[in-house]
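Okay, here we've got a single chain as structure tokens, the form predicted on its own, with questions on binding and movement later.
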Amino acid sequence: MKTTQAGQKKKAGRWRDSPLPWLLPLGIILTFVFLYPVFEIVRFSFTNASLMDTDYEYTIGSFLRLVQLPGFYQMLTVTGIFVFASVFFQLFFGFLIALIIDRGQQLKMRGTVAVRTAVLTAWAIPGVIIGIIWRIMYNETESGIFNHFVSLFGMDTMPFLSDPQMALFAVTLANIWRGTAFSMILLYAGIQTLPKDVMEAAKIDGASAFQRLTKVMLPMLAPIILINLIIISIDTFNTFDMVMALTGGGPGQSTEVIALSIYTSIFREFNLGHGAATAVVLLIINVGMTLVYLKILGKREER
């Protein structure tokens, strides 16, 4: 009897010391809210399912039709331009603002906290609200903010949202404004961790400000810049809410990025199979970016 009780206590102790009681709830939640939806998306991508009909068949026709549609390559081109321009300028302006704030703090200038807070505000605003704000600013009558300034120079009003090329430029500009704050946060935090003695030694050795930036600061910030690059790339690939509120993907398909194309296929055209196939393409891109991110993190931890 005593042997049985001791065995039960030993088993209970092993269970308490095991990480399973902590990991099991997390595993169950992740299975139902992440893994199961992903599995369903992949499964529906190999069907001809529609929201208007409960019957469907398993086929690879959704992927074949997707790559044969002329709009598919336009969507990839629009997404590529949108992501490349957004990521480049978010990184550039984020780094520039981080340098200015850091320099302002070194000089003990007033207002650096206010500037930092103002920049962070853009990051805190929901994407739908940002889309509505920029839509008001892009109003194509003289009551629009941008067109009001254009009219001051005697020029005609600009078709910011009705011209296909200008609409893509307008959406990209709004996304740059939105994402610059996140880059600024990461890069500002990275600048604060740089060893001050190394920067001072470079200055004493006669290195100019440009040489200290390119030869000392940027190499030390390279891991953070790479991580920032991948995070904002994934975030930009998944942008949906702001574009939906600003242009709805139009005019035509000139601003239809991948995430918005998924919404259009499923909820406007009721083509679940086609939308799921497009979602799988986006999933592959995101998984690829995540693997690069994990590889970079692994290299940092090995150092």
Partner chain sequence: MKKTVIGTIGGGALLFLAACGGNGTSGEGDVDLDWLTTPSYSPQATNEEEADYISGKIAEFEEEFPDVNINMDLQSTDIDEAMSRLLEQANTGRAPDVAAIDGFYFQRFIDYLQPLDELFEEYDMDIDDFLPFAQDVIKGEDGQIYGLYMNTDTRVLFYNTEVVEEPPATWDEAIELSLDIQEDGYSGLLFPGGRGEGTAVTTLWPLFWAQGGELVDEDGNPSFGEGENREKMLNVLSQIDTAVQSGATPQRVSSYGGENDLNEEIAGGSAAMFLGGNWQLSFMRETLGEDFENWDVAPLPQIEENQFATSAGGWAWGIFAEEEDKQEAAFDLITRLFISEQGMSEWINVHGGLPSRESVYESEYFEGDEFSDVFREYLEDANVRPASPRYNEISNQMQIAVSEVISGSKTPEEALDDAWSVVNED
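The term rigid core refers to the maximal set of C-alpha atoms that superpose within 1.5 Å between the two forms. These numbers come from a predicted model, not from an experiment. Positions refer to the first chain, counted from 1.
Another form exists, predicted in complex with the partner chain; not displayed. Remarks below refer to it.
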For the three residues 112, 123 and 203, verify that every one has a non-hydrogen atom within 4.5 Å of the partner chain in the predicted complex; reply yes or no.
no
Looking in the predicted complex, any heavy atom of residue 135 within 4.5 Å of the partner chain?
yes
Would you please decide whether residue 83 lies within 4.5 angstroms of the partner chain in the predicted complex, comparing each non-hydrogen atom pair?
no
I'd like to know if residue 267 sits close to the partner chain in the predicted complex, meaning any non-hydrogen atom pair within 4.5 angstroms.
yes
Partner proximity in the predicted complex: residue 27 to the partner chain, non-hydrogen atom cutoff 4.5 Å:
no
Heavy atoms within 4.5 Å of the partner chain in the predicted complex: which stretch among 93-101, 217-225, 114-122, 161-169?
161-169
For the stretch 137-154, return the residues whose heavy atoms include at least one within 4.5 Å of the partner chain in the predicted complex, in the order they occur.
139, 140, 141
Is it true that residue 30 shifts between the shown form and the other one by 2 Å or more at the Cα, once the core is aligned?
yes
